[in-house]
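Given as structure tokens, the chain that follows is alone and in the form predicted alone.
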Amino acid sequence: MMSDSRNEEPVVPKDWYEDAFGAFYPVIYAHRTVESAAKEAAFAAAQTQLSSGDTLLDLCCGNGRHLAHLVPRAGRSVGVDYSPPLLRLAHCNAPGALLLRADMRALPFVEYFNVVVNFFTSFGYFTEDRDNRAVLSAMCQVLRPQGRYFLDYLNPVHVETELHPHTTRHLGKYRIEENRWIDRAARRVNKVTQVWLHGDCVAQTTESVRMYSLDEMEAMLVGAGLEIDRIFGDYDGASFFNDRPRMIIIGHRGRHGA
């Protein structure tokens, strides 16, 4: 049994992602359903001009909720994730895709994909900038010349102004407590989630994401060989501004990529 420590800011382990996407992840993010991903997947497919002649990679595919909608649009689809429990769910949600477990910094493909998509702020996980840059380099490496990418990331300015330090919600028999804070020295937004059942904390997970500015993202993308074509602030196609919740970047592999 764990104690309720909502007023404390625990030390976030560097390898937080090793345990964050386990058995209780589908409980914590139960509202992120296959159905709710339909609009986002359609937007990504339109922006990357995904077609039946394309080979697609969903990088950090999670439970396959976006991949479920993208498989029918692509000729061949691959989902990569680091979490075995989520990959098992993806097998059910996106049965037409090839699913692999891999580290997003070192992908086992070279110039194989026409399109790479990355949803739901699955970038900025690593403490060292060089590791986050390695993810972009890996994306470039797996793309064919002029291949397209779709990167759905947070808007750090919006996070700073709209962050809710503490929220409580209920899902069936569970109470879910979420505590968020910004580590300004490290430029990271952190979250500790506790899942409570009958007065006991039955699970606790930590998440931490580096908050890169648009200028920083542009520099890293171009440095990795990825050109930028368009930037949106949300899935409604709105332009990117500080008051928009997302930083959605669409582009292609440049001539000197990989």
Ligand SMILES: C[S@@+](CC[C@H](N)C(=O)[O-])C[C@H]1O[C@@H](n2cnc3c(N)ncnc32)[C@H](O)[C@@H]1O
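Residue numbers here begin at 1 and follow the sequence given. Quantities reported herein were computed from a predicted structural model and do not represent experimental measurements.
The form predicted in complex with the named molecule is left out here; the points below concern that form.
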Sole residue of Cys60, Ala45, Val192, Ile28 within 4.5 Å of the named molecule in the predicted bound form, by heavy atom = Cys60
Looking at Asn93, Ser83, Asn132, Asn155, which is the one with a non-hydrogen atom within 4.5 Å of the named molecule in the predicted bound form?
-> Ser83
Give a yes or no on whether every one of Phe150, Asp215 and Phe232 sits within 4.5 angstroms of the named molecule in the predicted bound form by heavy atom.
-> no
Heavy atom to heavy atom, is Ala102 within 4.5 Å of the named molecule in the predicted bound form?
-> yes
Taking heavy atoms and a 4.5 Å cut-off, does Ser122 contact the named molecule in the predicted bound form?
-> yes
Could you confirm whether Tyr17 comes within 4.5 Å of the named molecule in the predicted bound form, counting heavy atoms only?
-> yes
Just one of 184 to 192, 138 to 146, 102 to 110, 165 to 173 has residues with a heavy atom within 4.5 Å of the named molecule in the predicted bound form, so point it out.
-> 102 to 110
